[in-house]
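Okay, here we've got a single chain as structure tokens, the form predicted alone, with questions on binding and movement later.
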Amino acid sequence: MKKECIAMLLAGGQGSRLYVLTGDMAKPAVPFGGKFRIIDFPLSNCANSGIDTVGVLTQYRPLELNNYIGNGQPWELDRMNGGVHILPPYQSATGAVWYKGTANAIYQNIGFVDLYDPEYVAVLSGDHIYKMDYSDMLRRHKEAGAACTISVMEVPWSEASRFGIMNVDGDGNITEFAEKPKEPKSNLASMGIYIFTWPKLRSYLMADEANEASSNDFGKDIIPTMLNAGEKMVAYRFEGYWKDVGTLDSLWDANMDMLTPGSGLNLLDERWPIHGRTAICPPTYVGAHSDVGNSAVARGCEILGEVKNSVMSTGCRVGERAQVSYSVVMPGAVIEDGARVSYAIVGENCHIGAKAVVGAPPEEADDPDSWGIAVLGPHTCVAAKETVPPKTMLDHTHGKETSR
């Protein structure tokens, strides 16, 4: 059962910055791009990169994510020797413990990793939209003889304090690392994608768990400890599209990027396909008087009105004379006749009544600070002729939440 490299995919995050969208599901299970879910991207990257053994570490609201992944068949990860495995916290002889941090999550699954006796382990996040060939990163790791390789990219200086920031020498060796520094010395940011030499990582995980002062996190504890101990740590520069979709604005942005030529996010590229579980539903119907432009429309939709610059997910309906623009509409949502939805995220199975208004274009805002994306959580109902202003969030109880 020995594998050269296996992947451990951290998919247990609550996704609190997605607010009402993750009230009942983990962030990696959130729909994206009409037919996908966020976790489809790292799983597809693994399959396309030749990594056929993936442990998916779940914790928060795992039911929908577990059901979606199933046996891993859509990503060709349904294998007798390897494949995809769901790894929730479990009770041992000494008791049950929730995953206390990213490092602790891997520590609790050392037995799973040891089962495959890998030389290397890729540690991945379940909430990023990107395409990456991990075999190129592994090649860099092996050629450098590194204990740890971190995938990095330059970010705007204004955003650098949100990331793990590092300095490197002329050979790409990491010389300094700081997790979310208030005053960053560099804008070279960690993408939260690591490859470790497994015996090295295993020993540091054991030591970290024994340290009662540790927060059991890779960025805060494992990486700085390895660097201070003089371990060989190198950066792998990634130049493709990558976005952390952990906020409402970034999730909306990434969906819009999918519709924008030249953004770098091309889901039509057959050389690096993104796989996902496909719903069984009829073809989309576009009515005789509908108007659809620059939009992605998934299977099972019924479009009788106008859809422009939007992402329509599986099984959505847009009624006659309804208008949808610059919006992300998630599976099963219904937009009744004459309703207007613009600059919004509409959660799964929402119902927007006739002639209701959800969101508005930024140019209509009197005060730019009061404008933002309108968001409806899953199963939210908006009454006929009701108005949901920009920068407003509603959940299925119809309780308003405007701060984010």
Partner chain sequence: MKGMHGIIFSYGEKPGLGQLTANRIHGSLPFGGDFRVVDFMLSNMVNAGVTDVGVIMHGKCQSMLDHLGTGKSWDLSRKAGGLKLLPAFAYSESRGTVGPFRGKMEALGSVIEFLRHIRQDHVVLSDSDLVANLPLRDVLAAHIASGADMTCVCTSHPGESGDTYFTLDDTGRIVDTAYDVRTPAGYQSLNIFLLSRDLLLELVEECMAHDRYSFRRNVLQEKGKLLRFNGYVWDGFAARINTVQAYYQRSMELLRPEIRAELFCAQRPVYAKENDAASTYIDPSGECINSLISDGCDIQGSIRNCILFRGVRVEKGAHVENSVLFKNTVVKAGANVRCVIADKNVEFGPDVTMAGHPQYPLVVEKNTKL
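Numbering follows the first chain given and starts at 1. Just so we're clear, the structure is a prediction, and the values are computed from it rather than from any experiment.
Just so you know, the form predicted together with its partner chain exists too; it's not on screen, but the next bit is about it.
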query	finding
Stretch from 350 to 358, 32 to 40, 52 to 60, 363 to 371 whose residues place a heavy atom within 4.5 Å of its partner chain in the predicted bound form	32 to 40
Contacting member of Phe112, Tyr285, Trp98, Tyr241, with respect to its partner chain in the predicted bound form [4.5 Å, heavy atom]	Tyr285
Selected contact from Gly170, Gly262, Gly293, Gly230, since only one has a non-hydrogen atom within 4.5 angstroms of its partner chain in the predicted bound form	Gly293
Partner proximity in the predicted bound form: Ala207 to its partner chain, non-hydrogen atom cutoff 4.5 Å	no
Partner contact for Ile86 in the predicted bound form: its partner chain, 4.5 angstroms, heavy atom	no
is_contact(Gln73, its partner chain) in the predicted bound form, heavy atom dist at most 4.5 Å	yes
Its partner chain contact in the predicted bound form: Asp217, any heavy atom under 4.5 Å	no
Residues from 270 to 286 in contact with its partner chain (non-hydrogen atom within 4.5 Å) in the predicted bound form	Ile274, His275, Gly276, Thr278, Ile280, Cys281, Pro282, Pro283, Thr284, Tyr285, Val286
